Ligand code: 13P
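Shown here is one chain on its own, the form predicted alone, set out as C-alpha cells.
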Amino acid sequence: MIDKINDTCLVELIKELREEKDAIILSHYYQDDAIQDIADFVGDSLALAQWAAKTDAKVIVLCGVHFMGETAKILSPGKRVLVPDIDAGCSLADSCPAEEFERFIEMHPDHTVISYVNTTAAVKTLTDVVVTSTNARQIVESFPADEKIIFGPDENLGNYINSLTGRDMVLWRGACHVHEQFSLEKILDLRRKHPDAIILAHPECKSVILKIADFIGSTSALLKFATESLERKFIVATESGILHKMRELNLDKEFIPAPPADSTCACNECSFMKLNTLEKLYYCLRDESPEILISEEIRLKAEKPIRRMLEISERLGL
C-alpha cells in the first residue's frame, strides 16, 4: 500500500500510468474534485457513453458508478474497462432488479420499454431504447403520441417527462437516494436567506422540489444554464460534486448546495460516487483492476438500446 503519499505525488503517478497504459480517464461530474481535475473528460451519463463509444484508447477508466462502467464496456468490447472501486453501485439501478422488471413488462404487453441509463446491463437487455436525463424528453417525443410506453426505473423523472409531454407512460417505482433526500423546507429556508438566488434542480428530484425550481435539467444542462445565466447566485439541488465544475467555470458566481432532509450536512453527496478516490484510481491503473466483464450474449442485447439512444441523440443534435 502507498504510505502517506500526498495527492500531488498520486497525480503524477496516475499521469505516468495513463500514458504507459494508453488509458483514458472518464469522470462523472459527481466525482471528488481531484478526480475531476485529473480526468481526460468530465461529463454526465450521456457524454460519458458518447466518449466511451469513440475513444481510441486501449484502456478506459470510468470514474463513476458501476452501470457507467458497464455502459462503457458494452460500447467498447475490445477495450479493457476499469473502475476504481467495483462496489461503487447505484441506488437507482438497485431499485430495479432485472427479474422483477421483466415481470412488470409482461404485465403490460405491447408497450415500448424505455429505460433510464441508470440501470444494470441485464435491465438494458429488456429495453427498446435507453435514455439519460439529457435526452429523455426528446427521445420520448420521438415516438408517436399514442405509443404505449413503459418508463423505468426513475419514477420522478418519468412523472416529469409525462408532465412535459402530455404522455401517460407506465412508470416503474424506483428512485435515486440522493435526489429523494432533498428537503423542501430547508431549500425554502435557503431561499429566504438568499432571495436573489436561482434554484436549479435535477429532474430526479421529487415533484415538490421541481415545483419551486427556477430551472430543471440534467447535470450538464444545469451547468450550462448556470454558466450562461446573468444571475450571480444559485441554490443547486443535485449531487454536490457538480459544484466543483460550476465554480471552476464561474469564478464570479456563488453556488449553494441544497441540503438533504435528515442530515446536519450542508450538502447532499452520493456515497457510491465518493467511494472512488485518487489512491484507488492509482491502484486501478497500476494493477488494471477491477475490470468490468460482461458476457457477450448480454453485451450484444444491451448494446442495441444504447446504440439506438446514441443514434437518436445524434440525429436530434443532442
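Keep in mind that what you see is a predicted model, and the values were worked out from it rather than measured. A residue's number is simply how far along the shown sequence it sits, counting from 1.
Not on display, but discussed next: the form predicted together with this ligand.
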Going by a heavy atom distance of 4.5 Å, is residue 151 a contact of this ligand in the model of the complex?
no
Test of understanding: in the model of the complex, would residue 234 fall inside 4.5 Å of this ligand by heavy atoms?
no
Interface membership of residue 73, this ligand in the model of the complex, 4.5 Å heavy atom rule
no
Does this ligand come within 4.5 Å of any heavy atom of residue 27 in the model of the complex?
no
Just one of 275-283, 62-70, 245-253, 288-296 has residues with a heavy atom within 4.5 Å of this ligand in the model of the complex, so point it out.
62-70
Non-hydrogen atom within 4.5 Å of this ligand in the model of the complex for each of 44, 118 and 202
yes
Taking heavy atoms and a 4.5 Å limit, what residues of 212-233 are near this ligand in the model of the complex?
218, 219
